[in-house]
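The chain below stands alone and is given in structure tokens; this is the form predicted on its own.
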């Protein structure tokens, strides 16, 4: 029997095309019965935004625009950190484009709430200890600020799923460092030092689930959410004719939060390099065992089966190279 998905999810995000797809996945899952057919899927309690892939203002607008496009402007969005704990964000315009999303979604009708991301997280976790799953898809600045301002509150989460790091694989911003950890290594190191159960979906795991340009071009059908995802993916390929495949970084972390059997791996103790400028953001194994499950194996068939079910895609076969 598949594990019961979390009852409530908060997504910390820096949208970003893959963030947008992960957000849509979470909301689609909330409308469907869970994997074991025992009830409704997880409820998305809110989004907290952070700078990273794009400036905070752009990412926040993207979060609101995605919610508006899928008919869920009721999901609250809370603005978080515009800068890392030290320095500035470098952004990832080459991958995501200048605005963070390919194409242009209609102007969102809703606005962010007045409450900050940190204060929202603190209030929600105190109100529902051990009942909320956090899914962190960008730099970990908001979570680190939560630790600084409200010591011990992050540990009230039931679990934390993170897309970040490059434990046993090459980096994507330096030879050894992954973008999210590199963007705020101090925050990443702080979060890795907590006792909360963490599942880390790093670059090595994320690279195990991808679709080619031809596969994406052949996608069709789907519900309202699935149609938007197809549009996002196809527009992303149009931004650069040299792109050959789309790797599902953030959607894999979200999928693992819904169904932990999507990934498997080892429990490790991790630290993140914060001092050596040549190795900034590098994921370091400090010991075997620990609270961090580093995803090493991905059940790609299970992942894509979830994608197909949530988005209602027709005749979708990820094993067909087309």
Ligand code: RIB
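None of these values were measured; they are calculated from a predicted model. Residue numbers count along the first chain shown, from 1.
One more form of this protein, predicted in complex with the ligand, exists but is not displayed; see below.
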Of 252, 101, 160, 203, the one that lies within 4.5 Å of the ligand in the model of the complex (heavy atoms): 203
From the candidate stretches 173-181, 122-130, 79-87, 192-200, select the single one in contact with the ligand in the model of the complex, where contact means a heavy atom within 4.5 Å. 173-181
Can residue 143 be called a contact residue for the ligand in the model of the complex at 4.5 Å between heavy atoms? no
Looking at the partner-bound form in the model of the complex, is residue 137 within 4.5 Å of the ligand by any heavy atom? yes
Looking in the model of the complex, any heavy atom of residue 53 within 4.5 Å of the ligand? yes
Within 12-26, which residues have a heavy atom closer than or equal to 4.5 Å from the ligand in the model of the complex? 14, 18, 19
